[in-house]
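As structure tokens, one chain now follows by itself in the form predicted alone.
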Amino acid sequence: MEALLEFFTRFLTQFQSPTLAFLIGGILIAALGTKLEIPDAIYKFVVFMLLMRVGLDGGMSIREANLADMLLPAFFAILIGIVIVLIGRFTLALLPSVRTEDGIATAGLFGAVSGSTLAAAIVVMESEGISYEHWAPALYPFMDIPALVMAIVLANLYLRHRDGTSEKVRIWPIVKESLQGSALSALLLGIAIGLFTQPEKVFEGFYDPLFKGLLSVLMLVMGMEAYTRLNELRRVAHWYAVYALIAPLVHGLIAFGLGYIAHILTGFSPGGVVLLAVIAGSSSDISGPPTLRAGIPTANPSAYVGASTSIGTPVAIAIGIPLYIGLAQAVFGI
């Protein structure tokens, strides 16, 4: 009982994080009808800066890391991305009043990864003094691409079976579309520059000092966006709201369990386990929607984007990050 009480105390303490405060503040001022607007170009620039910083840090760390240590976490990341889509295919997509292709697209978006949620977790963990393998953010594409490919393949197989056509689903265009997404492009570029060049000075003098400030702007924008998207979600089945409320935490806990196995077998750090859970609990907010729109054009974006942005992302950040950190503190004693 005492351990449980300590866990909840630590969990509630995480809500004092400035990252979460900006997210909740954005939701509140949007609900109050604010006229504040932040241009989309600034939002995209902020995302680019954050993911470039994460990518540079990851690339420099991979350069110094034992690549064998990454194999099992990377395999688990791929497995989690695929499993999340399969769970959605055989739960949400089978529910009454949910169109199958909309349910699969939603599962694909929740299997893909949010760079902003990842950045928020890194800031919270660094402020808490929780160490992690700095190559862990590089697990992002290992989960993101398989999830999007799996969702688009499943949706197209369903649609062609329903329509009685036998045209094959081509995998490479889906992978190419994912790699060309703005978020994944910035992250992979940062990893490549960090891995093959010596960017330490520009990292320490430019990208790293701006990280926390830019993240606060991003959280404010995401909070306002989350409230705005609620109107879109109200127009589709209520099952999407239920799924968006529960799925991020279920996905994160599955990843936490697999991360714990990696910790036992390979020494994967508790902080790395938390980051694996965070990226599994997140849902893509930048590169995933355009990839799904191109791959499943008949799916309704109001369903999958509304579920992700209005409920899924706030749950992943405001509840998921404190939950996994509190769980890690209870399990690993960090």
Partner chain sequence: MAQQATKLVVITEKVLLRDISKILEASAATGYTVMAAGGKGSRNTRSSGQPAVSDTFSNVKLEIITANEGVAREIAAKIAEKYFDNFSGIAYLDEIEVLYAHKL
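Residue numbers count along the first chain shown, from 1. From a predicted model like this one, the values you see are computed outputs, not experimental measurements.
The protein also exists as the form predicted together with the partner chain; that form is not presented, and the subsequent description refers to it.
Visitor: Residue-level question: is D285 within 4.5 Å of the partner chain in the model of the complex, judged on heavy atoms?
Guide: Yes, contact at 4.5 Å.
Visitor: Can you tell me if Q180 lies within 4.5 angstroms of the partner chain in the model of the complex, counting non-hydrogen atoms only?
Guide: Close contact exists here: in the model of the complex, Q180 approaches the partner chain to within 4.5 Å, heavy atoms only.
Visitor: Whether E64 contacts the partner chain in the model of the complex should be assessed with a 4.5 Å heavy atom distance threshold; does it?
Guide: No - in the model of the complex, heavy atoms of E64 and the partner chain never come within 4.5 Å of each other.
Visitor: State yes or no: in the model of the complex, is some non-hydrogen atom of G267 no more than 4.5 angstroms from a non-hydrogen atom of the partner chain?
Guide: Residue-level check for G267: no, no contact with the partner chain.
Visitor: Looking at heavy atoms inside 4.5 Å, which stretch does the partner chain contact in the model of the complex, given the options 144 to 152, 118 to 126, 239 to 247, 222 to 230?
Guide: Among the listed stretches, the partner-contacting one is 222 to 230.
Visitor: Is it the case that P39, K44 and P297 all touch the partner chain in the model of the complex, with a non-hydrogen atom of each within 4.5 angstroms?
Guide: Every residue of the spot touches the partner chain in the model of the complex.
Visitor: If you look in the model of the complex, which residues in 289 to 305 sit within 4.5 Å of the partner chain (heavy atoms)?
Guide: Residues within 4.5 Å: P289, P290, R293, P297, T298, P301, S302, V305.
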